[in-house]
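In structure tokens, the next block holds one chain alone, the form predicted on its own.
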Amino acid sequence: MKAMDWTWGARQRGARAAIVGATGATGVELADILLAAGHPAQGLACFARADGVLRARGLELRVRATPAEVEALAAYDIVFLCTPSEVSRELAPRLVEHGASVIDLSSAFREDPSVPLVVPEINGDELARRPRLVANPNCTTAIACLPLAVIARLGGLEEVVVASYQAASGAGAAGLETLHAETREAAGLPRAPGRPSPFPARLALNVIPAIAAVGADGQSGEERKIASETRKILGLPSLPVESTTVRVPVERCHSVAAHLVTARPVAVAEVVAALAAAPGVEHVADPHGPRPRECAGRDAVQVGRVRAGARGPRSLAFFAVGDQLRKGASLNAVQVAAALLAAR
């Protein structure tokens, strides 16, 4: 297995880090990754709407109510915003104004041309100018873009069509609780009381072929994000990107089926070799893989079913699976932070 392309060394471990929105699924995963990388618990401050406790790596971390005074947060060396978009839009510019380095995991700034949207293995050179605010990509986009970037370097890209199969936990803890409760109910077991479902229909033993609100043009919010963010990350502003985003009854990991047309013919064997050598990606030879259950908790995006398409010598297809809470969100943010802190 290839190592991920990042280092959390002495310089990073000596930094004071703050997680705002620490008790959500992304915040908890972020704390877990930082502690696993050796970051000292005393150098990690956790904030949320109210005081509480966050449990990660066998430790109990104190969670404090997010301070109203932005100066208190700006004093940290790096600030991760695991907050709703409307909170990030209000908080991030104020933090930057006070000199903070901010990584925003919401969608608030992803389409802002003045804010870099970074997947380090693809466009990490954006971090060389040490931006004060960096946007973290949509989880499905990050998973799809890693193999797409490898192919783009080989043969260019003229068209991308993707279908995503997104886990219940992509809707947060409430999504996972809903799937568990509905599965128990489908098995004839009593359903425990819990939070309202975040889904527009029953998910257990079902699929829901749209994620986020669907606009008048028939596209869902998630589909618009995938198109615009893929173009920005790959640096291909005119690339045609079509997608259908589907919620599936899987606990963790998002999957993507991609069909694409390259600018130049590329042999399948050449694509497989490049994927096997690329950081952040692992090629899977199993003809029935990769699969979400086996990919959960892993850092790299798993890519398999690489094959020629039916639309001529420039047509290719693949299937990719990635843990949306890790490379799709928290791990990517930590990689960005590692680069920013290394340049201090």
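For clarity, every value in this text was computed on a predicted model and none was experimentally measured. When you see a residue number, it is the position in the sequence shown, counting from 1.
If you look for the form predicted together with a small molecule, you will not find it shown, but the lines that follow are about it.
Taken together, the three residues A68, A74 and S101 lack any non-hydrogen atom within 4.5 angstroms of the small molecule in the predicted complex.
Taking T83, S255, S243, T178 one by one, only a single residue has any non-hydrogen atom within 4.5 Å of the small molecule in the predicted complex, and it is T83.
Between the options V321, A18, L325, V336, the residue in contact with the small molecule in the predicted complex by a heavy atom within 4.5 angstroms is L325. When the small molecule is considered in the predicted complex, A173 lines it closely, a heavy atom lying within 4.5 Å.
Residue contact with the small molecule in the predicted complex: A22 places a heavy atom within 4.5 Å of it. In the predicted complex, the small molecule lies within 4.5 Å of some heavy atom of R110.
Contact annotation: V87 falls within 4.5 Å of the small molecule in the predicted complex, judged by heavy atom distances. Partner contacts here mean any heavy atom within 4.5 Å of the small molecule in the predicted complex, and among 53 to 61, 25 to 33, 287 to 295, 307 to 315 they occur only in 25 to 33.
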